[in-house]
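First, one chain by itself in structure tokens, the form predicted alone.
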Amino acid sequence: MSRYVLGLSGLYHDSGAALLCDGKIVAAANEERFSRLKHDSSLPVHAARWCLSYAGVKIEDVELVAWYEKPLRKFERILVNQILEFPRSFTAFRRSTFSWLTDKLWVRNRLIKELGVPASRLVFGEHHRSHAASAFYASPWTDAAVLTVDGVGEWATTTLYQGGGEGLAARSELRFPHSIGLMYSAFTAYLGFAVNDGEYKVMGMAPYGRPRFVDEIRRVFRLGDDGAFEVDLDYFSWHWSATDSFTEKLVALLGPPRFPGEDFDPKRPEDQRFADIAASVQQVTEDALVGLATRLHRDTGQRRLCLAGGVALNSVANRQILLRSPFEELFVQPAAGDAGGALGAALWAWNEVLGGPRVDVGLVPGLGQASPDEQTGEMLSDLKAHFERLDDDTLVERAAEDVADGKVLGWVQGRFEWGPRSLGHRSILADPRRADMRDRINARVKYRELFRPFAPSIRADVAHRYVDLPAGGEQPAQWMLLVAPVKDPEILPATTHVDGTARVQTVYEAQNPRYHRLLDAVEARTGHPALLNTSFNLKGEPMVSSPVQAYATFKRSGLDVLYLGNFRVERGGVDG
């Protein structure tokens, strides 16, 4: 008889659900894919119900439901810290107390009520242990060091583990308010971007600058020789403010912050200053992570590192860990942030609470919902869209022709992705050889900042011809979580960033067969098995999940053609 475990995360940001059957992943999804609220932090009721429905089981069939952290311990940290910071923390105290006492503290009761979970089957993990489990137990390794780095969990902001046959053993931790993730988020706000949404924009801005503010950043974020770090809290306010993350002292040190929503032009002196600050923050972050990894290697003697937590999504820093730390191989779980805590909670419950056997969890790009072609065809007919249905071979060939002809494609195939990266299931695709394609897609399709780079998807067996992947980086590269120098930027200019690098996705046939076939067909026409790949969404929206959402986005954007399963949709129809 099959044994099911459901993992859940939420009520902070990026909530999600993941279902295991006998230790293997059956389904996993972010709540935002159903609610259509980007970074939805609500209780992942829709995602959980979909996971159960997909598996054909009821909540009564689930042996354990695992929440990814301990709410009481988290509330303790918030309460203690705000009392210590009183009276300047009064506004934050009032807001957080109301939020927790009316909502977040009663997770157990809400899960019992909204999902029908029996109280006896609810277990609560620890935030960083859930992160660690999401990486270690999903990795192909039975022994590895594990590093988790994010904003904050209950108390920990950084934890060092050793993973082995006996499970995960915590070696040491660093605690709130000292945090790499909160530091990076504070500078995200300083640079005019939204916290918990714009950190990757800081990473994209950094290559336009020089790290000439490193000394100033190190003054406010001090690094020790043993991997430890300390934040000078006079420059930051995340520990006492409900709305702000940095103080006027940081402004006095670095100059006025960037106004949100302003255009970014590195040719302007003021914008160059912001780019230089971004470059400096990025370098200090990399130095901190390399220091932690070096410390962890010394403590464990392991040659393999599993990395998790929101900071693990920093694909530039991931490369530096491989190049500058003693670790030889790196694994990063594709949903490394809080949504991935749902998978970690489930894997922790299976491996450490139930004592289930360690198995290959079956991690693949698409773990979410798919739509049958029959339903898609009915929808397109009802909407009087201009479409045709193609067999598998013709579909791939036509898509490759469209790419070679300079068209921008919406591409919806199979189950949607697990994690924040588009991996060939819910993607916008184009020819990376065309130098104008980046500005075209940013301006006319995605409606986002022009400085933002795009990633290349490259067939894994030939990726070394195009990018200089570091040894041991095969795992994060397949999830688009590793930046690498481009060997010849003139070949793929649309996916080469200003510093000559690219956040590459290596594509394997076994994991992504239709996307792999498309790369083959593109190579036959362009000479290169490579595609520009970006998430299928407009600025400020989650990636599309269903054919209806994909079609609506197609009609509202500058996409040229849409591929929905085996359907090719063109502009036209009754609504143009």
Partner chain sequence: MNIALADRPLWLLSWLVWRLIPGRGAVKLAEFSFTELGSGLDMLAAVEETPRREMRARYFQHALDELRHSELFRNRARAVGGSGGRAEAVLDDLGYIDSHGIRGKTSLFQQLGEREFLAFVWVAESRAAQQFGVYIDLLGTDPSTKEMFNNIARDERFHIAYSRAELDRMIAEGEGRAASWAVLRVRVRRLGEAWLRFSRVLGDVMSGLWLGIIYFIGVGPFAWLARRTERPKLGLLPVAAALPPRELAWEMG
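Positions refer to the first chain, counted from 1. None of these values were measured; they are calculated from a predicted model.
Below: the form predicted together with its partner chain, not depicted.
In the predicted complex, its partner chain sits within 4.5 Å of a heavy atom belonging to Gly227. Although the partner is absent here, Ser535 lies well away from its partner chain in the predicted complex, with no heavy atom inside 4.5 Å. Glu85 belongs to the set of residues with a heavy atom inside 4.5 Å of its partner chain in the predicted complex.
When contacts are judged by a 4.5 Å heavy atom cut-off, Tyr551 counts as touching its partner chain in the predicted complex. Judged by heavy atoms within 4.5 Å of its partner chain in the predicted complex, the contact stretch among the candidates 468-476, 346-354, 423-431, 400-408 is 346-354. Note on the partner interface in the predicted complex: the residue among Thr97, Thr247, Thr294, Ser241 having a heavy atom within 4.5 angstroms of its partner chain is Thr97. A heavy atom within 4.5 Å of its partner chain in the predicted complex is found for one listed residue only; from Ala435, Leu323, Leu383, Ala443, this is Leu383. Looking at 44-78, the residues that come within 4.5 Å of its partner chain in the predicted complex, counting any heavy atom, are His46, Arg49, Leu64, Lys70, Pro71, Leu72, Arg73.
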